[in-house]
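So this first bit is one chain, no partners, the form predicted on its own, shown in structure tokens.
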């Protein structure tokens, strides 16, 4: 078993990368002066994975299966995983996103015992038709509940307006109708396909030692015989389904989200492209930008206004949004500012301010073990190393950013999603 040490001399940081004999990739950053340790056991399986590949042919599975499976893995015939963690004093959780499922814990004591619990329950699926049926009712309630959450609805309405076919447009939990199709057999099939250790990753950051991690891994991991799961690249039209979508919900202030879809030719954005877009966002609409200050002074937005580069396998778009008493006007202001920068480009001083700000944020990340572990996962699943983002940021030029600006934030590919208050009807 080979242990690679990956260092960054400027930061004075390093981590270990191990390909375990079981097939699992393990990443460990030791921070001996810290009081706690954060661990993430993740699989490259999320809500966009709505098909299983069998002998080169893709077979559809119900929307929401990844999230459903995450819920069910905590159960066993005897005692569920949360109860086991409660006895050791660890804080445990899990989440399913568009492209991954992750099981996590944070602890200050009993690390080896907690890691054994984590690796054990994720490798020990237990599903019956009776427990699946019960879970369908629980998750069905969760789906209905989120239909009243403005921040959730405004985003998924926008994704539905932007994307024609890509499963990113569907709620991570699926729909009440889609989860009704899930059976115990469905869950076991998805588990075998996506929870093979060759498709998974363990990331640990904090006071635990490499020896702590490997001792438990050697003892608990079951050798896998499969391979990383493949994803189908779904090509999307550049233009959106529609340019505007509106829904009424019980909110006091309208909420909006403006999205610019990218016409992507390859499944994933490079890390350099992602860093460029983050800098573009900050220059155009960050908290220090003239646009942000102007819209705030005019009462078009409040301090909750934000932007995000939303990207993953087969999708990429820029989001700008928040609360506004005049969503249409706010969207017009953002669109106009985008066009101004696309015509004149980003200046050297604007670029350098945003680049330094991003660099500082990346440096500060190494003081937080939870962020380190999550970023180890993010980097690895995207095919990068942990230190690559900060190195790209350090070497980026204004020409790199302006070249990228030509390819993104195209108004013809944009859509606006608005949640309006119910009052007055």
Partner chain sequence: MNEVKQVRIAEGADVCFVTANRFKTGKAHITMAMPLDGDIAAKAVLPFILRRSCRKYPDFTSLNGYLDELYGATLQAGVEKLGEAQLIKMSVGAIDDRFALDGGSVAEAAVGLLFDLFFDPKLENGMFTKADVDIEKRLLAERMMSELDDKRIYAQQKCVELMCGEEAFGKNRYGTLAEIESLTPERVYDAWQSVLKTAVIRIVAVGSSDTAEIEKMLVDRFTGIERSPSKITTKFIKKAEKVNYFSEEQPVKQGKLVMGFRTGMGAKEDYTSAMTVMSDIFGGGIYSKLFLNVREKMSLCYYCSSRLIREKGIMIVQSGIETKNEEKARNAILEQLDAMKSGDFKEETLKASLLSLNETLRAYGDSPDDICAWYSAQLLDEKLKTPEERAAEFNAVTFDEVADAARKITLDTVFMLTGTEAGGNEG
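Residue numbers count along the first chain shown, from 1. Quick caveat: nothing in here was measured; it's all calculated off a predicted structure.
What comes next is about the form predicted together with its partner chain, which does not appear here.
K.L.:
Decide if the three candidate residues 227, 345 and 407 all line its partner chain in the predicted bound form, where lining means a heavy atom within 4.5 Å.
P.N.:
No, the whole trio is out of contact, none within 4.5 Å by any heavy atom.
K.L.:
So which of 262, 323, 333, 99 reaches within 4.5 angstroms of its partner chain in the predicted bound form, heavy atom to heavy atom?
P.N.:
By the 4.5 Å criterion, the partner-contacting residue is 323.
K.L.:
Among the candidate residues 235, 223, 329, 134, which is the single one with a non-hydrogen atom no more than 4.5 Å from its partner chain in the predicted bound form?
P.N.:
Answer to the contact question: 134.
K.L.:
Would residue 231 count as a contact of its partner chain in the predicted bound form, using a 4.5 angstroms cut-off between non-hydrogen atoms?
P.N.:
Residue-level check for residue 231: no, no contact with its partner chain.
K.L.:
Quick one: is residue 71 in contact with its partner chain in the predicted bound form, heavy atoms, 4.5 Å cut-off?
P.N.:
Contact with its partner chain, yes.
K.L.:
Taking heavy atoms only, is residue 360 within 4.5 angstroms of its partner chain in the predicted bound form?
P.N.:
Flag for residue 360 set to yes.
K.L.:
State yes or no: in the predicted bound form, is some non-hydrogen atom of residue 380 no more than 4.5 angstroms from a non-hydrogen atom of its partner chain?
P.N.:
Output for residue 380 is no: heavy atoms all beyond 4.5 Å of its partner chain.
K.L.:
Heavy atoms within 4.5 Å of its partner chain in the predicted bound form: which stretch among 105 to 113, 163 to 171, 190 to 198, 212 to 220?
P.N.:
The contacting stretch is 105 to 113.
K.L.:
For 120 to 147: residues with a non-hydrogen atom within 4.5 angstroms of its partner chain in the predicted bound form?
P.N.:
Heavy-atom contacts within 4.5 Å come from 134, 135, 137, 138, 141, 142, 144, 145, 147.
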